[in-house]
Each structure stands twice: as C-alpha cells, then as structure tokens.
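Let's start with one chain on its own, the form predicted alone, as structure tokens.
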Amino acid sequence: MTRLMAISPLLVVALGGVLLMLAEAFSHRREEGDVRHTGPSSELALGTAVTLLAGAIMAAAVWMVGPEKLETLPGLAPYYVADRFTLFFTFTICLGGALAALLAGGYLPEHKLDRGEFYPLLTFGTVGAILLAAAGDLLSLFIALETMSLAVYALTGFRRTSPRSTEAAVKYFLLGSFAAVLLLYGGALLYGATGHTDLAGIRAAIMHPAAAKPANLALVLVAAALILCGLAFKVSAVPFHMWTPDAYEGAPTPATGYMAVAVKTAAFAMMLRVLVGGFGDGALASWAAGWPPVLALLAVVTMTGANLVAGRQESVKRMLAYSSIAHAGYVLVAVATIPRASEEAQASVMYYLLAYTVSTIGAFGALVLCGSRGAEAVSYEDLAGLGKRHPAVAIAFTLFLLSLTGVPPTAGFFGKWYVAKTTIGAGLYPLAIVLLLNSALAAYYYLRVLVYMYMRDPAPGAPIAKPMRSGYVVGALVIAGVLVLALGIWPTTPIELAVQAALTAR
C-alpha cells in the first residue's frame, strides 16, 4: 500500500477516466431535431471535477505523509519520479482541470455541444499532463506528451460543425506533431551522445566527460537546441506561438481554459525537468554560452510581442490567448534565472503557475458566464454596459482581470512580485525592468475590458451579451475567486511549499 500510495494521484485520475468513459458509453442518448445529445452531461461534468479534485487531494495527502518516506514500485524511477516537485504540479494541474470540467458542465449544454466524450478526453489529457510533470526519462516524457497532446487536439476540434474549430485543430495537430518530432529527434541525439535516456544519466555523462562513455558535446549541443525549440512550442513562446491564438479561439471556451492552464503548467514542468535535470551542469547552464541567455531572449520577445498584439485585438477570447502567451514570457524570466538562484527561481515558477491557473481559468469562466447561446460575449462591444445590467458577473470578471494585471491583493500580484524579486536578486536587472514594463503594458488591454463593462453603453442596435445560468460555472468562479484572494492575502504558505518542491528538482 505504501508503494501504491506514491503514485496514488495518478491512479485516481486514470481510474476515474476509465469510469467516466464507461459512463459515457452506456449513458442514455436522446435526439432533439438534428442534434444528438449524450446525457446527462451534468453528471459527467460533476464526476470529472470530483475525480480531478480527488487527484489533487491525494497529491496533498502524499505530500503530508512525505514522498521520501514511501517505497516506490520497482522499476518506477526514472520513468515516474514521485517527489514533491511532481506532487506540486499534480495538484496545480488537477485543480485547473477540475475547474475546466465545471465550466464545461454549463457551457456544453447551453451551446448544444452536449457530447459526453469531452470529459474522458479532459481526464486522460490530465493523466498525460501528470505523467509529463513526473517524467525523469525521455521515453516516458515523450509518451506522456503525446497522451496529453492527442486529447487536447480532439478537444480543440470538439465543435465539429465549425470550420474555424476544425481549422484550429488541424493547425494545432500539424504544428504540435512537428514540435514533438523535434523533441524526439533531440532525445535520439542525446541518447547517441551520452548512452542514456534518463535525465540524471544524461546530466552525469555531460558533467563527467571522463566517464566510461564520455558525451559527444557537439551532438549534445545540437540535441539541446532541438529540445529547446520543442519546449518553446509547448509553452507557446514567441516565435513558436503561431498555433495558440487560433487554437484558443476555435476551441470551446472550457477547452481553451484547460489548454491555457493545465497544458501550459505541464509544459513548464517538463521544461524544468529537462533543463535542471538534464542540462543543469555548469557548461550548458552558463550565462556565457548555455541555455539561460537563449531563454532570456525568448522571454523578452514573448512578453513584448504578445502584449503589443494583444492590445490590438477586438475579440476578448483572442486577447486572452495572447495574454496567455505573455504570461509564458513572464515565467520564462524566472526559468532563465535558475542557474543563479536555483531553488528560489524554481519556486517562483511554481507559485506563478498556481496563481496563473486560478486567475486564467476564472477569466475564461467569467467569459463563459457573460454569454448565453445566441448572445455570446465575443468582442469588447458585446460587454458594453455589463456592469450596469449584470453587476455580479462584471465583478467576477473584474477580479480575475485584476489578478492577471497584477493588482494587489490578488494572487497575480504576488506571482509577478516573486518573479521580479528573484530576477533582481540574481542580478539580472535589465530582465526585471523589461518584465515590469510589460506588466504595465498588459494593464492596457485588461483595463480596456473594465472600461467597456462599466463606462460604455451598447451602441444602438448592437448585439448585447446575455449571461447564462449555470450552477456549475458559478461554482467554478466562486472556487477560483476564493483561491485568487487567498493566494494574494496569504502567499507565504504556498511559496514555502513551492520552495520545498523545488529542492527535489535539482
């Protein structure tokens, strides 16, 4: 039992996914006109949320017991590393997935997309995301990546009658497959150069060239470049972000929220595992000729480019897509500082992703709540006067946008503050200045939404968004809102937990 407890969060989510798939397969189907419904979607949504929350609770339980005290299954490591790093990311990923499932429970029936396969796809995508955070070997990493990606491709094209959704899914699939090939080929070169597929073995071979099989440094550099390109695509860093706006806009909004939080969190967990675990030696992690200056450049280009384009968007959903790209740039700033402030930089990445998860899923949830079928909230004009007509919905949207902006006392403020503090402490003042300037630039398009909601009236004859009624969506927003305020008012405990998790990722 102690051995199984080490991987219990993964087992709970995987078993729940199987049960949800069976429940969907044997659920009652009914015909209404030309639309076939699979029901009841509400029960599947609740079951998915309970399953993923159970996974998060099991991760917290294993954390309290202490993963270092539990025996792991023979042969489990390095394919699945059951440490505090994995548990922290498992909790964050499951939390984001559970809130996305609740959003889907209200969104899909409202927009006549009530097909039950959405929920097993989301659950098995979360299984892949958890495995991605726990992978200490290139083989298990690639399998986990494809498990997560295939589910997300299907979720992106879930609106089968929409040409835009189909186009987004095909584009995401093709570009995602290309990025996966880069990672796979880079891994093959690493194996040829070092004789290892496990990250610890790769790092040891690079750090100790006098070993029985010394690493071929030329191949290692080529492999590192390919893997960095693949990782940059998965975290949607500029210029590897081409798929993000179209995929986010074409997918159903709950799927967009899931991609923005769970998929991005898992991708950054993979990046930390690879860079710290595999390429963390003095040469490759050097600011003179290693990966930190490359990531710093990516961070600057990603933040600045995404913020400039986001300010020109007329679609609120597309604006949030570019906002997600900009937040990837903020996190890349912290990743770039790891060689100079290892534990604190890793902790700032983890805390930021936790704060970003609850803020972003809340923003997409508020966008879901703002519009009903036939009266959706798409553009800024659709939200004009919402603060007067439906103040509760506007207040919820305001809270999450303020958190994404970085206004105290929200979770987003302390996320950005912690990243900036770590960057300054590492002596990277120009990078910290660019981060702060971009945070100020991002305030323009976030506050623009508030201007339309509270200070603009709808134009005569213009479409007006009509909020939908859904207990599931409201429940997701309440949970996210409480967490946004709790993480902002009491940030000390999660930051300390993140530091403890970072210590095991070295």
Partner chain sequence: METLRTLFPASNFALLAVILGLPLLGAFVNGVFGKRLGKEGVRAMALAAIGGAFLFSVVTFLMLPHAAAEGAPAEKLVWNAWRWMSVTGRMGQSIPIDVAFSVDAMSATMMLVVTGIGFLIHLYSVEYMWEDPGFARFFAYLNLFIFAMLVLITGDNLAVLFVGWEGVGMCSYLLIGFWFTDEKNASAGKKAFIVNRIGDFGLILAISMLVYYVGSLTWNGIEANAGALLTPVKIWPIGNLSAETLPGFLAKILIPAKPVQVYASTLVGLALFLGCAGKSAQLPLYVWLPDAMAGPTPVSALIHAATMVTAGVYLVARLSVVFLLSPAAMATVAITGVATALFAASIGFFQTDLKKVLAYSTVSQLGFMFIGVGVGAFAAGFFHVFTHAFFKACLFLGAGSVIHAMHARIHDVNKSQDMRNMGGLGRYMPITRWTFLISCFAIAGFPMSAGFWSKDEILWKAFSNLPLAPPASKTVPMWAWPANLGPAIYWLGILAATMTSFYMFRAYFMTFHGKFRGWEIVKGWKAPASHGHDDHAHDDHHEAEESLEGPTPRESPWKMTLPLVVLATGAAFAGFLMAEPIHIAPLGHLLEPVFEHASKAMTEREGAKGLMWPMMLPGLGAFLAGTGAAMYVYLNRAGEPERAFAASSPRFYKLLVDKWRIDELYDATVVGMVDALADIFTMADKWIVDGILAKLTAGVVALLGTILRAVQTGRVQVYAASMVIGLLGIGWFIVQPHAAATIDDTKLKQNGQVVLAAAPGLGYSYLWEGPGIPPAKDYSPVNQLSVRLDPGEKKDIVLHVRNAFERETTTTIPLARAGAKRMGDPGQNQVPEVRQLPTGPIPGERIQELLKPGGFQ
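This is a predicted model, so every value here is computed, not measured. Positions refer to the first chain, counted from 1.
There is another form of the same protein, the form predicted in complex with the partner chain; it is not shown, and what comes next is about it.
For the chain shown alone, L113 is not a contact residue for the partner chain in the predicted bound form, no non-hydrogen atom being within 4.5 angstroms.
The partner chain in the predicted bound form comes within 4.5 Å of no heavy atom belonging to A345. With a 4.5 Å cutoff on heavy atoms, A392 does not count as touching the partner chain in the predicted bound form; it lies far away. At a distance threshold of 4.5 angstroms between non-hydrogen atoms, L441 is in contact with the partner chain in the predicted bound form. Between the partner chain and the residues V309, L183, M271, V127, the one pair within 4.5 Å by heavy atoms in the predicted bound form involves V309. For the residues F233, F158, Y80, F91, the 4.5 Å heavy atom test against the partner chain in the predicted bound form is passed only by F233. The partner is not drawn, yet in the predicted bound form one stretch among 359-367, 139-147, 290-298, 408-416 has residues with heavy atoms inside 4.5 Å of the partner chain: 290-298.
Taken together, the three residues T265, D457 and T492 all stay farther than 4.5 Å from the partner chain in the predicted bound form, as judged by their closest heavy atom. The partner is not shown here, but in the predicted bound form the stretch 172-196 reaches within 4.5 angstroms of the partner chain through a heavy atom at L174, L175, F178, A179, L182.
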